[in-house]
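What follows is one chain in structure tokens, specifically the form predicted alone.
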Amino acid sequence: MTAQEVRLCGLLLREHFGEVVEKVGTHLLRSGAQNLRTIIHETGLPLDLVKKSLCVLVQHGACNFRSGRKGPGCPTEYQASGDRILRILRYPRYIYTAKTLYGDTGELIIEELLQRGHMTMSSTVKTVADRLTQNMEGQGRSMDYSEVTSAFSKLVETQFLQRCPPMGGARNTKDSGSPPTPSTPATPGTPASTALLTPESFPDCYKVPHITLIGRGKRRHSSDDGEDQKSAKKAKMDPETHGDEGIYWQVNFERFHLHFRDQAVISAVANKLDQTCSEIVRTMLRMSEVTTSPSATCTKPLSANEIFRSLPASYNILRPILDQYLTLLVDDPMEFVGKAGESGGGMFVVNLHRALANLARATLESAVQERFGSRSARIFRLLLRKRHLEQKQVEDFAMIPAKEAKDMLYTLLSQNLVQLQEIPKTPDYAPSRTFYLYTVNQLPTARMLLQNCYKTVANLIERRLFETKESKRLLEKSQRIEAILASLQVSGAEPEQLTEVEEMITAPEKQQLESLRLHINKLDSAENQVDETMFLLEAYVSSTATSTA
């Protein structure tokens, strides 16, 4: 991993799990696979803290463990997964997508699994039902377990959730220095590998167990708050059996990424052409979800007749009109849709790799325009289209004065956005007998911009942590007052009492709090926007590596 990626991973671990987990995680990212004794020696942390940190990382899939490289009997080695840690940045997007597709119940299921790493189905259903019942307190209703179970089953059916892989050999490794494997429902035994699961490699990956869970969510009463720890200990000592013991579930990030990719393609088609074209592409992608491999460069061919039958009835598109739209999509220079044959009224595919390449290209052009201006973006776009041009040709094609074009080219060259290729006429590389051609290599440029995105997000997180630390006292005071107000409202206090408590925060403090919230919201929004760019660039780099393999 690059230094920027390690830095971002460290900040994400610190923000979500604390400084000790950050120290262990970043050490593993920099050093590679290591056994427990080496980690303790090189980090200088106590044995107990290192064990707990490794348990947290393994629980969330951010660390894998395996038998030692020297053979059986060697100490277990631990290796951090940087890609999995970076997914923490995308948690809000996963949760929002689940809410959009499956409502509040789907949102809370994904949120619980992301917060806990992995859970059993029965434990997830009970926790989500209790939370929903708590939110319905004012309406006097409660959430039935069967409704949450149905939403969970739908998420598994569409492969947004998947089973954790069965225990590997690392569990049986006898190593007195390795952290103990927990066995309680709250901290289940962890898998030996967090690699992408497929039904071919793990047949039960998407098989939902039958659970015996009947009833409704329970509302937590204020009198029970002090007994939370006792009830948690009791649950661990005397767990109920629901028929799914030992079967743990986790979020399938790859499935979410496929959904994000499809939405990006559909949105691009809508912006470039119109809403009807985007609906046709959406229908083609939906029909190809099951038959197309996640790493495929294009979808399986679909006939025009199949597309016509699968279109939503609300669009009411006639068959001749559909043929015209398909022809328009095939002829478009962006080449989102390609033609693969003539049978069945024509066979059509969605060019996934070409679509990602075009989206990445548009992202690069936008970045150059925002940073260096529209004229530099014109030169950059020209080099992307023409591939190789001399300086005089760039001036002529871009219609920019020679002096300005020269300055812009040298600026782009100094930032590694443009490359210079020398083609000599003679072996001595004499300047008078050498062609100097400017070009843009899209893949290396996309990788460079991706590293800049990692650096930007890390800076945003550091700024947010700094702002929060600076106003820590005021935030704690605000939280205490909000807790007092909530307890007074529950106990039915007089309005005068509530007003008196509210006035404990002065007007300048309220203004400072509001300013802080606005600033934090801007930083959060910027993080999400940069993450969208990161996703497109990561998808393009990954797709290019797959297509050239």
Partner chain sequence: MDGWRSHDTVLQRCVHKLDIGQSNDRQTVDISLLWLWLLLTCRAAILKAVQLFVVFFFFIFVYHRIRELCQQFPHGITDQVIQNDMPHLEPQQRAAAINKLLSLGQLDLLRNSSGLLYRMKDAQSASKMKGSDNQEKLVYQIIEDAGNKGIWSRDIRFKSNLPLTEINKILKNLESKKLIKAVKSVAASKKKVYMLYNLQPDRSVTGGAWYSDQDFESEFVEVLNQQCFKFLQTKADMSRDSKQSPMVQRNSSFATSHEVWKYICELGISKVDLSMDDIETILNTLIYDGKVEMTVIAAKEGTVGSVDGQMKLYRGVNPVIQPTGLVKTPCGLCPVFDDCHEGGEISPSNCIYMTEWLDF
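Positions refer to the first chain, counted from 1. In this text, all values refer to a predicted model and were calculated from it rather than measured experimentally.
Not on display, but discussed next: the form predicted in complex with its partner chain.
Trainee: Could you tell me which one of A367, L285, C164, A446 places a heavy atom within 4.5 Å of its partner chain in the predicted bound form?
Mentor: Checking each option against its partner chain in the predicted bound form, the one that comes within 4.5 Å is A367.
Trainee: Just to confirm, with a 4.5 Å cut-off on non-hydrogen atoms, which of K339, K207, H388, R371 contacts its partner chain in the predicted bound form?
Mentor: It is R371.
Trainee: Quick one: is N459 in contact with its partner chain in the predicted bound form, heavy atoms, 4.5 Å cut-off?
Mentor: Yes, N459 is a contact residue.
Trainee: Does the 4.5 Å heavy atom contact test between K455 and its partner chain in the predicted bound form come out positive?
Mentor: The answer is yes: K455 has a heavy atom within 4.5 Å of its partner chain.
Trainee: Give a yes or no for Y325: in the predicted bound form, does one of its heavy atoms lie within 4.5 Å of a heavy atom belonging to its partner chain?
Mentor: Heavy-atom contact with its partner chain at 4.5 Å: present for Y325.
Trainee: Would M504 count as a contact of its partner chain in the predicted bound form, using a 4.5 angstroms cut-off between non-hydrogen atoms?
Mentor: Contact with its partner chain, no.
Trainee: Please determine, with the chain shown alone, which of 151-159, 94-102, 109-117, 376-384 has non-hydrogen atoms within 4.5 Å of its partner chain in the predicted bound form.
Mentor: Only one stretch qualifies here: 376-384.
Trainee: Just to make sure I understand: among 505-530, which residues lie within 4.5 Å of its partner chain in the predicted bound form, judging by heavy atoms?
Mentor: Going through 505-530 in order - heavy atoms within 4.5 Å of its partner chain in the predicted bound form - the hits are H519, K522, L523, A526, Q529, V530.
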